[in-house]
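Given as structure tokens, the chain that follows is alone and in the form predicted alone.
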């Protein structure tokens, strides 16, 4: 373990005191903050030579992961195994009815860690609950599911908690949609795995109606994820495609806008891109090695010991943001006027950058990522609350969206295919769309046909809104802005993104 300066120790001590004395944070938020501050004092990772320079320049970002990671960033347990075999550590037997199923889930998910200490995946709720729902009175089943979803919202106080439903039609899935429509909540985030050839039209329309009221579910291109990750995939956290029974050790991100700012011209950009990508992957290697070889997580945690997860189902996510700003900067350096999302030259440059990154990531090998052929997976990162002047993933900057929705969807299709570990775009519809969910569904179908992977859509007057990849309530952001405590810690992230990322100013469709 390396030594650190006394100046850094004193800065951290002051931050600890500020956290303890905060009049806004809840007790749970203080405990989480104190944990991160204590971990920040440890330096055990072998850092690549150029890492600190690139981090200080804002080119590489570790997204606040611990300096000594005690567990993988994203964990995706096999809930089918839980329902078939129970859990010895938690003294849970396989459920026999709906009450027991929801009770088993309620207990288990409280013990699934992640980078936020909350579960980022609570299962394919429709498939898990369907056998039990089929045997219950529909009104009783709906009441029980509604209470479970409320429990999740009030106890998993972080919007990166995610559940999946679809693509097959189920009674349980329909009840989940009804509950979310009648009582909109920011947790859990929900993805609707959609395949027009498998999913009945009226079921998909029901999902669209719910999305217009509660900003969820989002629509995931099931065929695309299936072709890349196989049957055993799940969409978790914001919109991350990962393997069930595994997850992602880590997620770092390359800030392409910052990288391009340091290039004199396009010719000078390519070697910078290669150096930054290789440095970030070497850093990720170091994090993974510590986690697997030294942290003891896989030897001691009950999830691994009982087979709910295994190392051979894990990978790592190579994230990126700011492709739009990167392209626009390089176009200016070359004396060209076209802008990302509005010019074929600019979009072609964006595609060329993605092809180069795709090749670099696929050329890198990590021995602990056997689940994905020893490769990391590209991920379109959603941005963080402090980002300014840099758009999430490959999105067109807010305020510069194309006038025609169809042009915007076609543009999404140029880039979504590069990201098996997830990316997505967010659209705000005029409130009048509430009367026309078929419009939303046509939009999703058209986007998927053009190569789109994941679309999140909400109504302009919805209280629950999609920030970038997660959900918050406008009313909660207003409370926090007025200096009042709020339940979800992600509300603070949403407020930051509203101020810095202008997420409330998206073009209405």
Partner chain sequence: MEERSVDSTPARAPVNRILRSSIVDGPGNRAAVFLQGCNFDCVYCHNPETITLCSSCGTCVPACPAGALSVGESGGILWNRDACTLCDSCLKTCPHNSSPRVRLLSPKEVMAEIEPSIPFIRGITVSGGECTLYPDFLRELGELARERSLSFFLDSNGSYDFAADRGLMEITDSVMLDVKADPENGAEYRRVTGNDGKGILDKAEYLAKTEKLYELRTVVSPGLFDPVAVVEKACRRIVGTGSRYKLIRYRPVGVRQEAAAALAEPDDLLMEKLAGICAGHGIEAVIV
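Positions refer to the first chain, counted from 1. What you see is a predicted model; the values in this text were computed from it and never measured.
Another form, the form predicted together with its partner chain, is not on view; read the next lines as being about it.
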Is residue 450 a contact residue for its partner chain in the predicted complex, using a 4.5 Å heavy atom cut-off?
yes
Should residue 33 be counted as a contact of its partner chain in the predicted complex, where contact means heavy atoms within 4.5 Å?
no
Does residue 433 reach its partner chain in the predicted complex, with heavy atoms at most 4.5 Å apart?
yes
Residue 149: touches its partner chain in the predicted complex, heavy atom cutoff 4.5 angstroms
no
Which one, 409, 281, 82, 369, lies within 4.5 Å of its partner chain in the predicted complex by heavy atoms?
409
Its partner chain: the contacting residue among 361, 272, 292, 438 in the predicted complex [heavy atom, 4.5 Å]:
438
Which one of these stretches, 104 to 112, 133 to 141, 172 to 180, 399 to 407, sits within 4.5 Å of its partner chain in the predicted complex when only heavy atoms are counted?
399 to 407
All of 201, 443 and 446 with a heavy atom within 4.5 Å of its partner chain in the predicted complex
yes
